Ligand code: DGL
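The chain below stands alone, shown as structure tokens; this is the form predicted alone.
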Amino acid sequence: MKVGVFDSGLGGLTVVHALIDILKGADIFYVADTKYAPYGEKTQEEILKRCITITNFLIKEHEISALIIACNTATSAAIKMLRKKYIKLIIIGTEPGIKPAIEATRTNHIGVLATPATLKGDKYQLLINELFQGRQVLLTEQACPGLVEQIEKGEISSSVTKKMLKIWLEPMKKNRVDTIVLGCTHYPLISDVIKEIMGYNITLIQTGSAIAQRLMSLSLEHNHLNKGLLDIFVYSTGNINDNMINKIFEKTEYYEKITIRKYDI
């Protein structure tokens, strides 16, 4: 099986990491569209154009049979059009894990950390309205401008990143939030820092595992033999932090190799 995955940067590799845990005998082609990052600062039309360009590249060059849009912003902007355009392709998008957060919370106090674009997006607003209807839930939302850029630079636990997070997490601490939705695929990379700043036991909800399970289910329906090791190919359209790639996969064993290439898509 050949699987394409893309994001504006390194965040979508957290989804690839989740795939490695359960998917076997496949080639994964990841595109970090760093030349056009962050997507949150682009128009809907610009994001859609990039999504189509990257999808065409993955189909033409690698004959993928499945595509994962490992970005909330890109999913909101493009998934409907991509599904209409590429009817035979398995296409899985990303959205904040609001439903599992509702199931996990013990106090009905939930927090959401996300990019400004995700919180303003129609898809997120519809999800909130649908899932919170009739529920007594205290929701603390926090946009995190600049956090993706910090993570892309490898500033995982720097004083600047911690200062940003302390300010953003203070209202959640005040509201005794016990479950936080990580509404961006980059944010699982700073899970330990978030837990440290919160200072008490919290549950962090990320979507990588759910996406991996969904792909697994659909791939078996298409007669994928889930045996053997994985090969992972990482493409970047601009500069990329190789040290962060190594950090993401440093404790993972179930793949043959990772190939990193810079490619003008």
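It should be emphasised that the depicted structure is a prediction, and the values quoted were computed from it without experimental measurement. Note that residue numbering follows the sequence shown and begins at 1.
Same protein, other form: the form predicted in complex with the named molecule, not shown, and the subject of what follows.
In the model of the complex, the named molecule lies within 4.5 Å of some heavy atom of Tyr39. Heavy atoms of Cys184 reach within 4.5 Å of the named molecule in the model of the complex, making it an interface residue. Contact check for Val148: a heavy atom falls within 4.5 Å of the named molecule in the model of the complex. With the partner omitted here, the stretch from 85 to 93, 69 to 77, 171 to 179, 101 to 109 that lies within 4.5 Å of the named molecule by heavy atoms in the model of the complex is 69 to 77.
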